[in-house]
Each structure stands twice: as C-alpha cells, then as structure tokens.
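Next comes just one chain, in structure tokens: the form predicted alone.
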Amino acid sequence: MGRLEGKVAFVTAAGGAIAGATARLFASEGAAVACVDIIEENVKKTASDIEAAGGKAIAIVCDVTDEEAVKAAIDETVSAFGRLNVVFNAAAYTDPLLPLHELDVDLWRKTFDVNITGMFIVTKYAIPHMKEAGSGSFINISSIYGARAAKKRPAYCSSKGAVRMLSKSVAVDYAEDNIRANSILPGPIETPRLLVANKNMDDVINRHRPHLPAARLGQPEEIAKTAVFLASDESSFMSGNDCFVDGAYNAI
C-alpha cells in the first residue's frame, strides 16, 4: 500500500515542474489526483503521465483567481473521486525584477491575486469537503523569499510571506476539524522559472553560491517528497509549520 492510499488530492499549477512532480508522486503513493493548471496542454500531460503509470488522475483547466472556476474545479474533483483530503497550493505569478518605486500597481495586484488570493479561494472551497471527509491537509508553497528579502522582488516576497501566515491561520482555525496546514519554503529549485532572470543553471548556482553550502540546486522531486510526508498520516501532529527545503540556504 502507498503512503497516500485512499486519499484524493487537488494540485494547483500541476502543469509546472514542482507541482507536476508532486502530482505524479502523490499518484504513485496511491492518491487520486486532480491536476489543475491554467495551461491546458501542460496539465493534460501531467494527468496523462499519471494514468500511463497506472495512477488515477483528471486534468482541470482553471485560473485560481476565478472564484467560480475554482469552486467548479473542486466540485468536479469530489464528483470524480468522492471526497477531498489534500490540497497542494502551488500556483504562482512570475513577476518582473523591479524595485518597489518602479513597480506598477497592476503588477503588484496580479502577483498577490495569483500567489495569495488564489490560494485563499482554493482553500475556502476545499475546507467544507475536508470537514465532510473528517480530515485534510493543506500544503502551501511559499519560498525562502517569504522568510528573507530578495532584491527587486517586493511583491513576490510580500506575497510569499503572506502564504506562511495564511497557512498558520488555517491550522489554528480548523485544528478541531482535524484539518492541517503547513507551508513549504523551497530554496533554489532547478526549474525553468529560474531562467527568467539567469542565462543558465550555472549562473543560478553562482549567484546563490554564498547561501548554497552543497553548491547545487534542489530538484522538484525533493519538494514532492516533502509534500508526500505532509499529505500523509505520518505528519498527523504537524500543522502550522514552515518547512524549509533549501539545502541550508536559510541557515546562513
């Protein structure tokens, strides 16, 4: 039996590297997975990979900032699989590198809409189903930049700090319903997003080298393995925590 046997998971940004790896690992551990993303081609690929490996998955195209679409996506998940036990919130906006005084207010709002308001909407509509199921686990992707500042990332850092506090609030408010919430704070993970501001992965390592004792980037699967633990009953007394998966980045 897998560590998530019998559980149903709702994974946002499932067409991406980290959430895609997580959706696949959830399925290999026995969960039925609703793969959710705004890009149809990418999310269908993740769901197809899961099914080809013998797992259970559906692909749902959804913008997490659209309240009606989110409610419909969660309802579709419960209709397909009968319940909802786990939510992996990973949708994030790729904001430009700008100092605050040059940041357009629309970009600020867009970053917050995707990174934190979308997470709020997903959480809002997932909670009633988790309560009905008798338990639940929210795994929310923050960032090391939700705990420390990065240059020219004021909206991103602020929104990722908010992810941590949303997680703690949910953990406190729904503890009596056996619903847990934790945040994961990834360090530099080898994904295409890192190439937005860097020429190649070697440049990423060199730029972050003072905070990378192991002199390597993390892999999406390393975040996924942490998520499996937080989704499983192995972490049943773990809630309201910030889980740094950063190769000691935040220790320096």
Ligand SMILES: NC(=O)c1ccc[n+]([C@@H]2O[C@H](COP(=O)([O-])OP(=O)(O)OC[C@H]3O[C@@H](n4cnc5c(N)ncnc54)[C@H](O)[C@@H]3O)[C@@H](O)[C@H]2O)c1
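Quick note: we count residues from 1 along the sequence shown, nothing fancier. Only a predicted model underlies this, so the values are computations on that prediction, with no experimental measurement involved.
Same protein, other form: the form predicted in complex with the ligand, not shown, and the subject of what follows.
- Contact annotation for Thr191: at least one heavy atom lies within 4.5 Å of the ligand in the model of the complex.
- Taking the partner from the other structure, the ligand in the model of the complex has a heavy atom within 4.5 Å of a heavy atom of Cys62.
- Taking the partner from elsewhere, Ala231 is found to have every heavy atom lying beyond 4.5 Å of the ligand in the model of the complex.
- When the ligand is considered in the model of the complex, Val114 lines it closely, a heavy atom lying within 4.5 Å.
- In terms of contact with the ligand in the model of the complex, the residue from Ile74, Ala181, Ala92, Val86 that brings a heavy atom within 4.5 Å is Ala92.
- Using a 4.5 Å heavy atom cutoff, Gly16, Ser142 and Lys160 all lie near the ligand in the model of the complex.
- Residues of 25-44 that come within 4.5 Å of the ligand in the model of the complex, judged by any heavy atom, are Asp37, Ile38, Ile39 in sequence order.
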